[in-house]
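Quick setup: the structure tokens below cover two forms of a single protein chain, split into structure 1 and structure 2.
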Structure 1
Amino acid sequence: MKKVRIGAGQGFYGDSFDGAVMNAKYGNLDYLAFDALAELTMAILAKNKFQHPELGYTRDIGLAMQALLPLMKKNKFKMLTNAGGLNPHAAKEVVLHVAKKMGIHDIKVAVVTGDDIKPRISELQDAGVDFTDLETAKPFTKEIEEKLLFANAYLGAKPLVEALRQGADIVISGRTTDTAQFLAPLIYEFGWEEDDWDRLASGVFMGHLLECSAQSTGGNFSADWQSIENFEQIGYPIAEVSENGEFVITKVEGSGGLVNAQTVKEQMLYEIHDPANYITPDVVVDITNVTLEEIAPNQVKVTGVKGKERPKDLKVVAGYDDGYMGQVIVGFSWPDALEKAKKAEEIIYRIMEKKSITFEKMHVDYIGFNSLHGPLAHDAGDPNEVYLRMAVKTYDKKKADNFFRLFPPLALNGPPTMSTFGQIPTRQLLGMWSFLVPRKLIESHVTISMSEVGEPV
């Protein structure tokens, strides 16, 4: 039975590429797939592009290609990435530049676009699309539209498959689902049909287990994490997939980390709100009857994935300018560190009241006590140190910039031991807006373009 080996290359923008290089060198791969995007990443890229229109892609793609292009040519695998973000063509130019600079030729780079619907807002409204926010049920107003910085639909694997059919060695896309890069090679290699729901679901689930780099191989493992060896050279997961959709999760022999039923199960449940209905553009996945079988050291066989008909709509996530955040951090030492931080907070509120200073929102953390657990934090005695973090939201950047000015006098006029005064630069805030669009209105605008690095003349 034919098998396809797919390796994980990246779990987020800024992730280490060491695991990708190990997979490329020693993983006997057919494909190396990267998931570079998240909603937060799109916001970061939107800010980059707003300041520098030639940006908007994940800028670590150049470093990745420097390390991986020679290995791709030597070991004859293909790569798929959504590192294109908001500017896939610019990301392609980076790849072509790196290839030419390294003397690497005879490679085809495909760019998939069509996920960006921001220029099409009026057209889609005229077509009857309901832009009401899925999370808040708020109506889409002209004010929100004017503040939009990006609006991108989640594409599935279909256009990536077509790019592979056209001979692409590297496929660069914008906003695809996290799993599309991993599913596309299976559809292409095995010829799975668009309504082969069970196998498509298995491919999506495989992609889900690989999309977060080392999270299936012992990274971020919350069970017996002390037993994980060699975090510094942790291996990224590899899936060996059979034509019937069953697959085995493993990693490069000798690499750090661990693959067992527990490590795989943690990633299995990550970001899955309904295990019976994990909705993607390609298929609705049901993992309620999945079996994880440890068939050898660092090898887990996955079976039992079921699929249902794909949704008729695609999700769009948009980001809009939503004001500014000003924040300040100050520290207090033992004894009574938490009590001192609370008193400092009280003083700031009284000063604001006296001076009639208001903000749209305020948020307070006591770092060292409740910044991670929030209201679930419990008193563990008198800590050595506590940092008061106060953050404000305002639509007036000057007010956000000036918030920190309330704090320096506390060094002599407030509770004792205040130190480590830290003003964090004012940040622009992005609000998120999501809605559904009929897939035919999106997919009819998806395009694939191909560029080639030919042999030097």
Structure 2
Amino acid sequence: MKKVRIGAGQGFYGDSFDGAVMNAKYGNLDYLAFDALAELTMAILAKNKFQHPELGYTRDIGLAMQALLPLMKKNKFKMLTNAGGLNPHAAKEVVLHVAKKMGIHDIKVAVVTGDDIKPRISELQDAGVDFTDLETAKPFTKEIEEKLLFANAYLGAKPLVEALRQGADIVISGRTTDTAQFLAPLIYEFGWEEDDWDRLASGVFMGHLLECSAQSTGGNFSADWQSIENFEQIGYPIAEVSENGEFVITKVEGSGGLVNAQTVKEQMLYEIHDPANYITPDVVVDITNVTLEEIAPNQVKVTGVKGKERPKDLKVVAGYDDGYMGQVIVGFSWPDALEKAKKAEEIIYRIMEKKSITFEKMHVDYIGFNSLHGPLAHDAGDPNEVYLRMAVKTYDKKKADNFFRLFPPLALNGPPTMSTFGQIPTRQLLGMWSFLVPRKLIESHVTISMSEVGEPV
């Protein structure tokens, strides 16, 4: 019986590619699939592209391809990635360039576009699309529109499948769902019908378990995390999928990490809301009947995924410029570390008042006591050390940069023992805006183009 082996290659822009290389070398893969995009990533790419129009994709794709292209040719698997971000054609150029430089030929690279709707805002408004934010129910204003950095619809697996049908060895897209790269090979290989909801749902759920790299193989695992071995060479998950949609989650033998029912469960609900209605462009997934079975060490069989008809609309997530965060961290030693930190905070407030410095918003933590717990922190006694962290929000970048300047004098003029890391770079803040767009308004603009190494492009 035919089985398809899909390996995970990346969970976010900045992830290690060691797990991808391990899967490419020893995973006996048919496909290696990547998820390079998060909401924050899109904002970074938008800024890159604004400053340098030839950028806008996740730049680690070059390094990844250097390591993976020879393995792809040798071990005969295909790759799918959404590393194209806001500029998939530029990402393709990088792949072609790396291939040529390494003397690798006979590679077809497909590019999928059509997710970027930022240039189409007024057209979609004219078509009657409701831009009201799904999360806050706030109306879309001219002010938000002017501050938009990106706006992308989440594409499903369909155009990726078409690219594979046209013979692509590598498929590069922009904003697809995190799971699309994983589902597409199954539709292509098994010829699943567009309304075969249960199987499609199983494929999406498999993708969900693979799209955060090691989060299903022992990474960020809360149960018995001390028992996880060799984090430094942790294996990224591999799914071996059967034609009926059932699959086994595993990893390369001898790699670090762990696959068992617990590690899979933790990833199963990660970023899921209603488990009976996990909405994707291809199918609505129901995981409330899923069974996990440990069939061998580091092998978990997954069955029972159910699917329902796909939604009529696609989701758009947009990001807008929402000012800047400046932050300062200064440390104080025992005895009375927390008390010293609080005194320093109070002095800063008084200086701000005297100099008439104000911010949109402020947030204060005592690192070592409550920065990860907030109001849930319990009494910590008299700790060895406490770091005061003060964060400010402002629409004036210079003001965010300059906040730090208030602190160094306290080393001599304030409570005893203050130590600092130095200045922390100011960070741009980003507001998110999401809404639904009728599927046909997006899909009619999706394009697939193919390039080959050696061809003029």
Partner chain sequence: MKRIQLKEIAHARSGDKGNTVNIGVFAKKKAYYPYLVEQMTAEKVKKFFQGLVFGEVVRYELPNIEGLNFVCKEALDGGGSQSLRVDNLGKCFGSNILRFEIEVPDDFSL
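Heads up, when I say rigid core I mean the largest set of C-alphas that superpose within 1.5 Å between the two forms. As the structure is a prediction and not an experimental result, all values here were calculated from the model. Throughout, residue numbering runs from 1 along the sequence of structure 1.
Here the chain appears twice, and structure 2 is the form predicted together with the partner chain. Residue 59: CA moves less than 2 Å between structure 1 and structure 2 after rigid-core fitting. In this overlay on the rigid core, residue 26 has a C-alpha that sits less than 2 Å away from its partner position between structure 1 and structure 2. After superposing the rigid core, the Cα of residue 165 is displaced by less than 2 Å between structure 1 and structure 2.
Superposed on the rigid core, the forms differ at residue 397: its CA is offset by 2.4 Å between structure 1 and structure 2. Once the core is aligned between structure 1 and structure 2, the alpha carbon position of residue 421 differs by 5.4 Å; this is the C-alpha shift at that site.
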